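Just the one chain here, the form predicted alone, laid out as structure tokens.
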Amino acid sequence: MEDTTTNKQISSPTTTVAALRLFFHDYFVDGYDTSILVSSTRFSKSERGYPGFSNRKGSGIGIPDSLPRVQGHGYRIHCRNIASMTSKPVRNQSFAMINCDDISYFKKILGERGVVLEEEKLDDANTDWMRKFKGSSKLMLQPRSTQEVSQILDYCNSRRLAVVPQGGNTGLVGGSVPVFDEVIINVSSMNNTISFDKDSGILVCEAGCILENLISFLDNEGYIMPLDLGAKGSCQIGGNVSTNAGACALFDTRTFLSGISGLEVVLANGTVLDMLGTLRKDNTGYDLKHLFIGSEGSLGIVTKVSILTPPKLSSVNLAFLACEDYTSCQKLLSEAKRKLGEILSAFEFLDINAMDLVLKHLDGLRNPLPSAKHNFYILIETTGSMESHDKEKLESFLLQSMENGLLNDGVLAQDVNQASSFWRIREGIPEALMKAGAVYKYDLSLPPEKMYNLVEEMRERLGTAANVVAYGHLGDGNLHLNISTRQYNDSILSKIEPFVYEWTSEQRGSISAEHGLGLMKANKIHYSKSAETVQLMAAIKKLLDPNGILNPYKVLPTSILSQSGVDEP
């Protein structure tokens, strides 16, 4: 950063003046964000995008030729907090720091085992799965019941001790680890399956249940979990709910959000909200559970979940396919929807860069189509109740697609083991990326026809400096864009951001399809949400957590929270 600033000052002496102007005169003029460094989004037009803008080369300062007036009141100017431009917020000085009395209180209600002070354990809990974000918490609490969570939050709220809820800590945007010294509330010990009703298919469990354990439990009962993730061996259901986690799925029988029938949540002041409904239909008042799904622990801590699970169907088929180009992938999806209809349960894609990476870095995996390399690979899964009919339907579709030139090659899994090996390729991409070195991860929702355009443009921008890897859920327009490098590099990052967010916003996409916002994208929310929407979110945060102790610095920009009266710096 220092070298970049120095070089810029030498080449353009007006840099210092421009920087001062940015810090002290960055403002909104009647809805126009007049920063020369901020690009327009579909919700906020910037100075750079304003029709009257003129920027003299080398001046470092852009001046609009004309500014809109508010009738009878001259210019409407709103100050903009420069914190929205920073990568890490400043610690909120209104938050208290842990002392011996606090630790004594927590030991009284949790016992010695529930209060973790060991440096090694805290180091793991402070560090996210990507090893990109690391806090400095000196205390982790491990409650075993909703009542204990309630007591913890009641106390922390009265003391203004900031907290961060944590489960399996498999998040990818820094949402599950402290930013500073927040108290970690880890719910892993709350891992009981409370009940399962075979007639309704409703499962009730605690937030600390590991997803893979729930999948196995339901499989033995003849049902399936409406969620399956690559991190299923570590992630926990409370975290899945809090981030509204997505999966390799396409249709409603596998949609996690539609399967959540109820929640139990503890608010910042310790109040327990029992919304643990087990009814298929309940239209009495506001459906408040949706406030907490995807809120990343910023409005309350999820302690119990009730989930509607569908029966396990006997016929599951999986094909691993190869396409020449992305257009063929799109056409194949369109045809699959028409020809496979109700039995189509997943449609995943990965490009040649993703395939090469997996085969290079993961032991024991083989290319299902070894005769030649292909530009794109597709996994199609069907799920139904008529084994011979479903398989025949899939085989007929694949044969026709081959004849029409949509497919170059393909293979149908012959047994469960082969199907698992196919899925291992797709689900193993994140692990392979980690083994390859540093990775910049972007989880985007885009119109399917535009998804791969971004990948190609990113490769043009970065050239040989990075390996751009793409895969995702083509069935629901979810692109996982990954930029793999040997090590993290500011120069590479400057070519990625804000370009990736601006491009997504221009396509009316979402900068977070599945992973959430966390710390990484909290200040980027305006690329996907309007100012009015974000302000309403901040008002809800203020109502439910007036002291701002729940997972601070995450999800919403600190500048917006301070404007709404939430206790942020």
Partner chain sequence: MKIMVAIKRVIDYAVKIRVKPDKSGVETSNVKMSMNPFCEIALEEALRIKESGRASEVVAVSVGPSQCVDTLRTGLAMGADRAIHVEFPGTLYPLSIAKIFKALVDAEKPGLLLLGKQAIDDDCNQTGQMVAGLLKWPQGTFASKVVLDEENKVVTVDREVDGGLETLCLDLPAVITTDLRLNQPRYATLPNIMKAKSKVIKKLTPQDLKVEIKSDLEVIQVTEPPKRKAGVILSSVDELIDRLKNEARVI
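Positions refer to the first chain, counted from 1. Just so we're clear, the structure is a prediction, and the values are computed from it rather than from any experiment.
From this point on, the text means the form predicted together with the partner chain, which you will not see here.
Annotated contacts: 93, 95 and 183 are all free of the partner chain in the model of the complex [non-hydrogen atom within 4.5 angstroms].
Of the candidates 282, 387, 449, 324, 387 is the one whose heavy atoms come within 4.5 Å of the partner chain in the model of the complex; the others do not.
For the options 434, 399, 362, 109, the residue carrying a heavy atom within 4.5 angstroms of the partner chain in the model of the complex is 399. Looking at 336-344, 402-410, 473-481, 231-239, the stretch with residues near the partner chain in the model of the complex, meaning non-hydrogen atoms within 4.5 angstroms, turns out to be 402-410. At a distance threshold of 4.5 angstroms between non-hydrogen atoms, residue 490 is out of contact with the partner chain in the model of the complex. With a 4.5 Å cutoff on heavy atoms, residue 189 does not count as touching the partner chain in the model of the complex; it lies far away. Not displayed here, the partner chain is approached by residue 395 to within 4.5 Å at the level of heavy atoms in the model of the complex. In the model of the complex, the partner chain sits beyond 4.5 Å of every heavy atom of residue 460. Shown without its partner, the chain has 407, 409, 410, 411, 412, 414, 415, 416, 417, 418, 421, 422 in segment 404-439 as residues with a non-hydrogen atom within 4.5 angstroms of the partner chain in the model of the complex.
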